[in-house]
Ligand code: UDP
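In structure tokens, the next block holds one chain alone, the form predicted on its own.
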Amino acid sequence: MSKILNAYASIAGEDVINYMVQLSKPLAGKKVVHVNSTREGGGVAEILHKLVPLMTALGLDVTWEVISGREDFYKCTKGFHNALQGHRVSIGSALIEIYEDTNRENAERLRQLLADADFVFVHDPQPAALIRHISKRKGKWIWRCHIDCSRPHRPVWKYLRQYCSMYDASVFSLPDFAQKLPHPQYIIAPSIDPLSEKNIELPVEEVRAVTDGFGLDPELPLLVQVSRFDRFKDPLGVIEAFRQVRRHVPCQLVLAGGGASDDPEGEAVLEEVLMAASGEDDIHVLVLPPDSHRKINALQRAADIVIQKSTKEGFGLTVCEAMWKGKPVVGGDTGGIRIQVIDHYTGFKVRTPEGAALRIRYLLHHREKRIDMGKRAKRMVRENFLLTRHLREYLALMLSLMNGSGDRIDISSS
């Protein structure tokens, strides 16, 4: 067993790794290509940074490609993202043309690689139209949607569906997100990597050095939300909830995050957050570069409560990250947060700033409850949301597609 597989076995268990090794044997040497729109920022990139090496360690020939585009391309795809999450967005024909031209240009650059691959995973709407331009496809193509598209704005979904329908299969994070498509659909929740710098254990001294470096008061309870500066993450709602809590309990708030290269709205949202927090000594808005994984780790470990008050959320990896560190989470009652945050068990689901404030106050007043919830939260992540489970389900998906209409998949060592 390779060094990387041994490292995961030490956390997930040898049985889990042995099962993955068995699943991967019929796939040995298969060419797999993942395609998305950014190498840094956001949950998709984080997952791929760890998923690709682990797939490679299992004997697959794996490549990760990132499409490129100009500003108007990302303006268009951000509109797609918002529309899939239910906003009534009008996307003009000029932006649609740029979207199609950008996909065609990237398809030309990647044509041979994509045509020769045994499996191509295309992540989210940005590169979805690539498939139209690769006519001679050797392998199976899978559209992997990480977005909460349970109630998409229909005109935009109708446009994107013409491309998504061309795939051999699609993957959604939750059953509620799935849409009618003429091919098999799979439900695979995202995951976190327990061995990444964002999730490994840290020395107490390092955690204290990070909090001291950001000017946090060690005597005040600490509330932390880590996320991109995105309206769907509701940072302004978090600030309002914090102010309501602080009227009754002295505390401090950290809003930590950055942007993604494929999100043109990030700067505007950050300006709104900075304006809302202006003059508040106990609100710390931290704009962190993409490689600040250990600092984010330290902030989550230092937190008394982690918040993820999203109004829409495909999954919410920061919820898993916090739970892995034994923290109760107050999260938005939406999307993938619902399958992670169990009321009174791993945290609380909320819909409003008032609801968030009420639950935060409760947790701050009940330390033993916080500790118990944190223990249960970590156990839940270990059993359900680690990268090893995620990859196991991808391997099963690939075997299913490779097996075609057969009623039996042979993963025997022979």
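So that there is no doubt, residue numbering starts at 1 and follows the sequence shown. Please read these numbers as outputs of a predicted model, since none were measured by experiment.
Just so you know, the form predicted in complex with the ligand exists too; it's not on screen, but the next bit is about it.
Colleague: Name the residue from Gly237, Gly258, Gly79, Gly139 that puts a heavy atom within 4.5 Å of the ligand in the predicted bound form.
Modeller: When the ligand is considered in the predicted bound form, the option within 4.5 Å is Gly258.
Colleague: Quick check on this chain: which one of Val341, Ala298, Leu223, Val226 has a heavy atom within 4.5 Å of the ligand in the predicted bound form?
Modeller: Of Val341, Ala298, Leu223, Val226, the residue with a heavy atom within 4.5 Å of the ligand in the predicted bound form is Val226.
Colleague: Please name which of the stretches 314-322, 277-285, 99-107, 213-221 has residues with heavy atoms lying within 4.5 Å of the ligand in the predicted bound form.
Modeller: Looking at the other structure, the answer is 314-322.
Colleague: Taking the ligand as it sits in the predicted bound form, is Glu65 in contact with it (heavy atom to heavy atom, 4.5 Å or less)?
Modeller: Glu65 lies outside the contact set for the ligand.
Colleague: Would Gly374 show up as a contact with the ligand in the predicted bound form if we use heavy atoms at 4.5 Å?
Modeller: Gly374: no contact with the ligand in the predicted bound form.
Colleague: With the cut-off set at 4.5 Å between non-hydrogen atoms, does Lys327 touch the ligand in the predicted bound form?
Modeller: Close contact is absent here: in the predicted bound form, Lys327 is far from the ligand, nothing within 4.5 Å, heavy atoms only.
Colleague: Given that the partner is absent here, does Lys233 sit within 4.5 Å of the ligand in the predicted bound form, heavy atoms only?
Modeller: It does: once the ligand is placed as it appears in the predicted bound form, Lys233 has a heavy atom within 4.5 Å of it.
Colleague: Report whether all of Gly43, Glu46 and His293 sit within 4.5 Å of the ligand in the predicted bound form, measuring from non-hydrogen atoms.
Modeller: All of them do, each having a heavy atom within 4.5 Å of the partner.
Colleague: At 4.5 Å, heavy atom to heavy atom, what parts of 341-367 sit next to the ligand in the predicted bound form? List them in sequence order, or say none.
Modeller: Counting only heavy atoms within 4.5 Å of the ligand in the predicted bound form, no residue of 341-367 makes contact.
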